[in-house]
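The chain below stands alone and is given in structure tokens; this is the form predicted on its own.
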């Protein structure tokens, strides 16, 4: 895990430096906090975590760095209807799809090899080369039934 974490940071540092941006302690704290969260997180939740460690950091700084994480391919936005956007780590994470509760917003990560094979079969049958995909199934979770 430690190696994976350092790789994540190295990729991000290279990405921002390639864009002509500086590597700062604030940026490192935001990236470390995001990576350590271990869950789908909103920008507000990440801001609250970071703010406890460094009260000088503003919300806009956290949001800008989340956007950079997404641009770099290390994170991905998950938008669920009118709920707040959540972010999830992509680097080092295995492919998965989501079951999403429309009442409470709970996200359940799922993966089924049969569905993955069916998607590949559908692509081949239509002479289509998939680059990426995501499956989101909306419904009511067990807690909200």
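Since the structure is predicted, the reported quantities are computational estimates derived from the model, not experimental observations. Residue numbers count along the first chain shown, from 1.
Although not depicted, the form predicted together with the DNA is the subject of the following passage.
Q: Look at the stretches 33 to 41, 99 to 107, 116 to 124, 51 to 59 and give the one with heavy atoms within 4.5 Å of the DNA in the predicted complex.
A: After filtering at 4.5 Å, what remains is 51 to 59.
Q: Using the partner position in the predicted complex, report whether residue 20 sits within 4.5 Å of the DNA, counting heavy atoms only.
A: Residue 20: contacts the DNA in the predicted complex.
Q: Does the 4.5 Å heavy atom contact test between residue 95 and the DNA in the predicted complex come out positive?
A: It does not: once the DNA is placed as it appears in the predicted complex, residue 95 has no heavy atom within 4.5 Å of it.
Q: How about residue 67 - does it come within 4.5 Å of the DNA in the predicted complex, if we only consider non-hydrogen atoms?
A: Residue 67: yes, in contact with the DNA in the predicted complex.
Q: Contact between residue 132 and the DNA in the predicted complex at 4.5 Å, heavy atoms?
A: Residue 132 lies outside the contact set for the DNA.
Q: Between 23 to 47 and the DNA in the predicted complex, list the residues on our side with a heavy atom within 4.5 Å.
A: Sequence-ordered list: 23, 24, 25, 26, 27, 43.
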